[in-house]
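This document opens with one chain alone, in structure tokens, the form predicted on its own.
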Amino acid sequence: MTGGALSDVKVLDLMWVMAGPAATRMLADHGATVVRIESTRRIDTARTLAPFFDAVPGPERSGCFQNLNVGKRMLTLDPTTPAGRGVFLDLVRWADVVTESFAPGTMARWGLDWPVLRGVKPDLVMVSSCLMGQTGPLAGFAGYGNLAAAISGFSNLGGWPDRPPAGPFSAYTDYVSPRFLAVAILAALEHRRRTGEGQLVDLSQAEASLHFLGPALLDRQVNGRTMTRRGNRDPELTPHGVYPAAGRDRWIAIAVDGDAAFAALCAVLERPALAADARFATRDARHAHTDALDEAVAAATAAHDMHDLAGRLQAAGVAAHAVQNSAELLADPQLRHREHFVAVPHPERETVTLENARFRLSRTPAAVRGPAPTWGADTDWVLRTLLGYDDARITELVAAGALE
């Protein structure tokens, strides 16, 4: 794999599930050679996550896994066997970066932790990422991003004030922390370029996400206020929420900033009485009567096609958009223009549709450089091309049970 800003970067990737693989996929998109190590006996959880091709579950059929690992290479290896350990350490000598996201202590139990790997390659960059970090009383707490969201304080803020906490969508910190993981890797590589020094990066997914609660923490510290659940409401904008549109399960999101936008909303909805109602005359008045205003806006939007109404509101200067489903996202003209979704060849299917690279670089553009790997897809390439093993060595590895 050549081309891209990171075409000279080599990554040995033991990340699994979502957050870690999402970070190393960014590196692969920008040209890094990323070699995944997987086991067929302890399946990556991402291979068990929907959606599946044709809605049929299977380890090679997960759209989630495909999206997280496109453009990477694959070696199925058991590094806990003596023969597998030898292969793994040879790959460490090849790599610039080793990444792993197991529960703290796993690499040490395998005899493959930072002191050992640094002894093999002194200028290595190693990244260990887990839910709560490698040290501390919760270091051993294993779980998913929805649990990190709960510990970090996000879950209690998502939902309506008169209902139990709903939390942010899905495994929230799995979507936030990959950006920090990728940047931490690049920073460590830049440090190595300047000093010749490798290093261990210990990244807690919960801590990487916690700073998004900065305004809430500051409000508590400075003003003594504790943020609570407020549903779709906003402290500054009213009306602010998702309102029904014509049809089954059709919705439009609207956010009104100021008196002029509110007047425009009333005009588009043909509700002059709302504009003239003293309860809604100012921002503070609208805040004080939010329940009544939301009810009136919902009654007005329910008769309109969401796309048509969104277009007319946008033209009038009101922030609004139809709430799109997955099929509408695939057809969205803006996303199509940006080539957000791309068709990628798949070894067992003609193509699969996945997300493209997340950001654009003008001089060194990213690219999806190959399909997500199937189990063992690149075993021969890794052993022969990267490590220079011959037939006899590979036969020994097979006989020893190191290759799964």
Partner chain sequence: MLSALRVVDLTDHRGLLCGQILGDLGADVIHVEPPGGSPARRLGPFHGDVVHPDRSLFWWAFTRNQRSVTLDVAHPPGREALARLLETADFLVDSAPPGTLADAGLDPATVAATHPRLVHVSITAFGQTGPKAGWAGADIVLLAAGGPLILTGDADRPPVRLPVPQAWLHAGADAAVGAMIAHHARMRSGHGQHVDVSAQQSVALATQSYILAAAFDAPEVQRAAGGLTMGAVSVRLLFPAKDGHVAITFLFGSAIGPFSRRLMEWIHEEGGCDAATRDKDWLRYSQLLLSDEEPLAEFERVKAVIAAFTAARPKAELLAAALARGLLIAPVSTLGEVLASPQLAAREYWQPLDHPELGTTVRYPGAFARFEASPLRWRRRPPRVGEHTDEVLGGELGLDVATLRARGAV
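Numbering follows the first chain given and starts at 1. This is a predicted model, so every value here is computed, not measured.
The form predicted in complex with the partner chain is left out here; the points below concern that form.
Name the single residue among 288, 227, 246, 120 that comes within 4.5 Å of the partner chain in the model of the complex, judging by heavy atoms.
Selected option: 227.
What is the one choice in 110, 102, 175, 94 with a heavy atom within 4.5 Å of the partner chain in the model of the complex?
Of 110, 102, 175, 94, the residue with a heavy atom within 4.5 Å of the partner chain in the model of the complex is 175.
Looking at 142 to 150, 274 to 282, 258 to 266, 86 to 94, which one sits within 4.5 Å of the partner chain in the model of the complex if you count heavy atoms only?
Among the candidates, contact is made by 142 to 150.
Give a yes/no on whether residue 374 approaches the partner chain to within 4.5 Å in the model of the complex, heavy atoms considered.
Contact check for residue 374: no, nothing within 4.5 Å of the partner chain in the model of the complex.
Given that the partner is absent here, does residue 33 sit within 4.5 Å of the partner chain in the model of the complex, heavy atoms only?
Contact check for residue 33: no, nothing within 4.5 Å of the partner chain in the model of the complex.
Is there a heavy atom of residue 383 no more than 4.5 Å from a heavy atom of the partner chain in the model of the complex?
Outside the cut-off, so no.
Against the partner chain in the model of the complex, would residue 293 count as a contact residue? Criterion: heavy atoms within 4.5 Å.
No, residue 293 sits far enough from the partner chain in the model of the complex that none of its heavy atoms falls within 4.5 Å.
Going through 25 to 48 from first to last, which residues have a non-hydrogen atom within 4.5 Å of the partner chain in the model of the complex?
Residues within 4.5 Å: 26, 30, 43, 45, 48.
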